[in-house]
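The form predicted on its own is given below as one chain in structure tokens.
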Amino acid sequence: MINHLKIERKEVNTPTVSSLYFRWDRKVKPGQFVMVWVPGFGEVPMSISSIGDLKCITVKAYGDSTRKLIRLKEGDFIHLRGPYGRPFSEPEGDILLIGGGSGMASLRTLIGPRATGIIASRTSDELLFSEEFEKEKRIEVTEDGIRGLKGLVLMGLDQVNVEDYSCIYVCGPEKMLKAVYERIRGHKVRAEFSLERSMKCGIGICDSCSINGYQVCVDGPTFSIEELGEMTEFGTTKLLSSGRRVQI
């Protein structure tokens, strides 16, 4: 069922990312997503980046549908269905969040006093939700080096002992997820990764988000580090919306 929800607040987070807030009486868990219908363009999967009284989707402009979404204003309506997907596990104790680019949207609902964040982006003005971490628990990594460490996300991992955390939660481009996976898999850690794949239905029918027989929309998007270890397609190939498999 499509829900038609009024935008009550809009925040411009970065030059290419905005958050749209709305009231919705559905219970949403961290890591779940919705399918957002954009009239004239079809549906796109979007992470829920706030699950309180005001729910929120955080939109990065990267295609025609998302550019149309990001131009919406307070008082306009968004059209969505869900929530869908396997959520993150309930955090306990000290946790580490590793987000690349707009992947921080999925992790935002886990930010709290016991969360340390490694927030990575290509440019300093694209760092997302970094300010929501306590200052001493915030590790910024940018490719331009204007803020934080200069380089890629693994430089942030060099600043922590991953075994100090009860769980590590990761979301971002799949190449980044693969790099983090390779770095931490030899350690005694519990880790969960949120995958982003081409998705048409959100309910396990179309097979467009398939990875080694898993449907990301219903079996994920959250997968454990052990599950990823069984996926030969993880970080190597993906399906396009046309159904053609290509190298990542």
Partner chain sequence: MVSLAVRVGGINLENPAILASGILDENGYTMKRVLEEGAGAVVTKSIGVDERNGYYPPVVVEGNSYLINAMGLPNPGIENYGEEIKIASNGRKPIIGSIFASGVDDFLRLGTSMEDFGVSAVELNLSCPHVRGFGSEVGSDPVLVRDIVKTLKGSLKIPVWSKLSPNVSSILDIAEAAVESDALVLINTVRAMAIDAETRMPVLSNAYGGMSGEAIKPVGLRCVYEVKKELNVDIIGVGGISNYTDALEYIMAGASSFQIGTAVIKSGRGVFKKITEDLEVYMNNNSIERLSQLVGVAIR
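Not measured: the values here are computed from a predicted model. Positions refer to the first chain, counted from 1.
Just so you know, the form predicted together with its partner chain exists too; it's not on screen, but the next bit is about it.
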(message) Just checking whether Tyr181 would be counted as a contact of its partner chain in the predicted bound form - the rule being heavy atoms within 4.5 angstroms.
(response) no
(message) Taking its partner chain as it sits in the predicted bound form, is Ile70 in contact with it (heavy atom to heavy atom, 4.5 Å or less)?
(response) no
(request) May I ask you to state whether Gly63 is within 4.5 Å of its partner chain in the predicted bound form, using heavy atom distances? (result) no
(request) Decide whether Leu239 counts as a contact residue for its partner chain in the predicted bound form under a heavy atom distance cut-off of 4.5 Å. (result) yes
(request) Would you mind picking out the stretch of 182-190, 54-62, 23-31, 213-221 that comes within 4.5 angstroms of its partner chain in the predicted bound form, counting non-hydrogen atoms? (result) 213-221
(message) With the distance limit set at 4.5 angstroms and only heavy atoms considered, check whether Gly40, Ile205 and Arg245 all reach its partner chain in the predicted bound form.
(response) yes
(request) Within 4.5 Å of its partner chain in the predicted bound form, which residues of 1-20 have a heavy atom? Give them in sequence order, or say none. (result) Met1, Ile2, His4
